[in-house]
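Here are two versions of the same chain, shown separately as structure tokens and labelled structure 1 and structure 2.
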Structure 1
Amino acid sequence: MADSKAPSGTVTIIDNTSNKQTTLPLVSGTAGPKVIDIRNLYKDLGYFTFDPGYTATGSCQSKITYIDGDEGVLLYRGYPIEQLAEHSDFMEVCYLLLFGDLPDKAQRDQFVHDITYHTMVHDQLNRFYQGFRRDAHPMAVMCGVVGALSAFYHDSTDITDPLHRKVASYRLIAKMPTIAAMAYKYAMGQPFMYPQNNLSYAENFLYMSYAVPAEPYKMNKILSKALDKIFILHADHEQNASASTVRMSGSTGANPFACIAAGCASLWGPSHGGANEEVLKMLAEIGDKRNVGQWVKKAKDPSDPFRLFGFGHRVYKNFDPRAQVIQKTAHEVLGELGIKHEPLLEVAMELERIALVDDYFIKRRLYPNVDFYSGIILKAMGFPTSMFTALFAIGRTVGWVAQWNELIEDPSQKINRPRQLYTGVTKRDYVPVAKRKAAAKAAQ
């Protein structure tokens, strides 16, 4: 994907110490802030830029997902997330993210067939689980088993071959639910359940997680529909930490299975995809909505490391549109399941009510994010909190795979290799051990 837009203006940087200056192009995308193309900055002025956490740094061009954090807008290939959550389904959204447009019926049927017929894993992979303790965290299993896929599917690891890339992409999207469900079954000490080709993607995951060989499994359509929606809402999110990890790994030419395993590892962190698990733990610890005030006080206390999980976002400085959809879905699912009293939901809603009128949160533009309500639905489905991030990974795999394909297909892409501001010791000569004590004394 060569530079999609010609420069639309310039900025001039003047070095006030040397009076040298450089003029750099301003580049516009189709939406969002312009970028300053700084690729000549070091050559012209001898300086790097410095942006820990990449708060204002564009790492790539992309056509996949657009976020307007101030307006709370999220578009997948131009389609608003609210519309996709309402009218689409996860397989159709996968097709959209991978290929750029919504499929027609024939395209959709073929795609669903192809994904379905990749849901089984190599049977020898089953033995891989025996190496884990039964109480291993499911994300530890996901990181290990997804990385191990490259040991089983050598026929789709040549990243220069478009067919290999397509087969590996389909395998990853198709097998993540199987791998995650196997992690859950293994933790429970129950036998693995093989995928069923007559089930939808979300139905299959529920089946593989909850069916047992001893009796037929009764599908709960309320739960499978809600799960499909959760997968849609988690599918992609621009250059978040785990997508950037996948791109970083992909830029070295690593095979797609290794790149997605790296994405799983990055997503696991409590500041990222691991937050949904932490939210449930936090709501359970708060316990009752009458305790919320003291926890909000803790979250605001700069000397207290506690932060409200599920709140705040690097990009959204308004409501996370996904959180609004998930909150509505949480009410629907609990209502349809006849769960009239869910203390965790009451605590969450009280937390949101208080935080949204509190100066600390208003000034910092902290709102509930995608993780704030998702756990309440997943808990209602019967999943343990330890499985929450694995479910996030299932939904996000298509986003990681779409970003990875875009990277590999971009002729201008090169290995990602950031620089640094060095603040360590400058050059010094080696001191033989016999002279070190004296040298240290002399240096005082």
Structure 2
Amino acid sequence: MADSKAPSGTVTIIDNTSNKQTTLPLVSGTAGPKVIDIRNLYKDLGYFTFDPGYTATGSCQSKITYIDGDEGVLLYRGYPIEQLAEHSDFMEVCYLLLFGDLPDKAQRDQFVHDITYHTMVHDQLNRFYQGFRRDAHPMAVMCGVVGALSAFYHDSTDITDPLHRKVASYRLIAKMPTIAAMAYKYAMGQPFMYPQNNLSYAENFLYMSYAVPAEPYKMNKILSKALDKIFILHADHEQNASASTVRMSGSTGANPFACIAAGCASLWGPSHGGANEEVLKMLAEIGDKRNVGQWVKKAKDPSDPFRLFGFGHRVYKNFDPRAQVIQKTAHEVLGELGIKHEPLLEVAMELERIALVDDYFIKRRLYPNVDFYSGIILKAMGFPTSMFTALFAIGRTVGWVAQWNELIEDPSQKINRPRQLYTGVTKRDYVPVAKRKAAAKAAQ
């Protein structure tokens, strides 16, 4: 593979006001557009760049995930997401994201064993949950509990020690389903169910969420496979808001549990991980399949504030490759559960039908995205909408952990400190409180 640091040309910037100029190197990655290295811009010309949302700014070098939004490409370590979702499983994808290559059988077996035997949480965490209200949002609980892990696992918080980083990474991946399931059980008023070492990652989460001590739990392989696929599709997504939050937190030297808790907090936003929750709220607002037509008209009306959640994507301009994978899974789950007359799912199916044939949606590339279909699947499985983002966090944890490890191991990284374009008041002198009224009148 090409050296991502190799210069591939230069760009010269001339400042006409000062007759100064600087020559900045162009850097090429192994894929994607060339990048202008602007690190010397301020030193040479005294200027910073202004880029709200960092949509045109690269903050790091990464070998983990690559996205081509125009072509609808998503690669984990070079592997197309479609191939991984079809042929792999979540544990194998976790290994790939963490270590860079797919494991052989011995490596895979050892990794699955290590993750499985880290799924238990410290018993005192059971009492920690009692400090939350029963109606607390699961993400509020997860932010608190994940952050609190650093108080229970002191032996894996030294970020300079590779073994500590590995153990912390395994613990976070392993314990996140347990923490999320406990948040769900706590809200339901049911006893916590401990993980079972004979179950797969997705099966364990379903067991801990839905099993009760009074009777045996019957595992549905189609549902566990669908959930495993959801975890794969959400495992990483390049430098998104929550991954960038994890990296920014990690740049300070914060412990890994604090960094992943910060990622959970960022993911909670309705424009990020909360999007699939917003999809179900939207479906509930529409209410009935017969109402879809009038709500579509509202969505088309530029003067109407109503918007359709779950359609189109900020990054993917033509199609979301994850949506094409999960669309089939959604219909498999609905077929397995025999759901034919659930009002919200009927609304969703009608919206999907219209979006795939209506010129308004097609021309604007407003295709159903991964949030649309994952919301349908999780609703069909019986999860309340408040749990949707928590399930997203389970799948995304490995991506956060991989991004955090890459940050720690990158010698070019330093504490993140974005600059700003200041638009406030310039320097003024302090006025004693007794004279401020007169000073304000004089200023008028």
Ligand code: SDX
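The structure displayed is predicted, hence computed values, not measured ones. For the two forms, the rigid core is made up of the largest set of C-alpha atoms that agree within 1.5 Å on superposition. Residue 1 is the first residue of structure 1, and the numbers go on in sequence order from there.
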query: Selected structure - criterion: the form predicted together with the ligand; finding: 1
query: Threshold 2 Å Cα movement between the two structures at residue 352, rigid core reference; finding: yes
query: Rigid core fit then residue 289 CA moved by 2 Å or more between the two structures; finding: yes
query: After fitting the core, residue 366 CA displacement of 2 Å or more between the two structures; finding: yes
query: Once the two forms are fitted on their core, CA shift of residue 313 between the two structures in Å; finding: 2.7
query: Residue 343 CA shift between the two structures in angstrom, with the core used for superposition; finding: 4.4
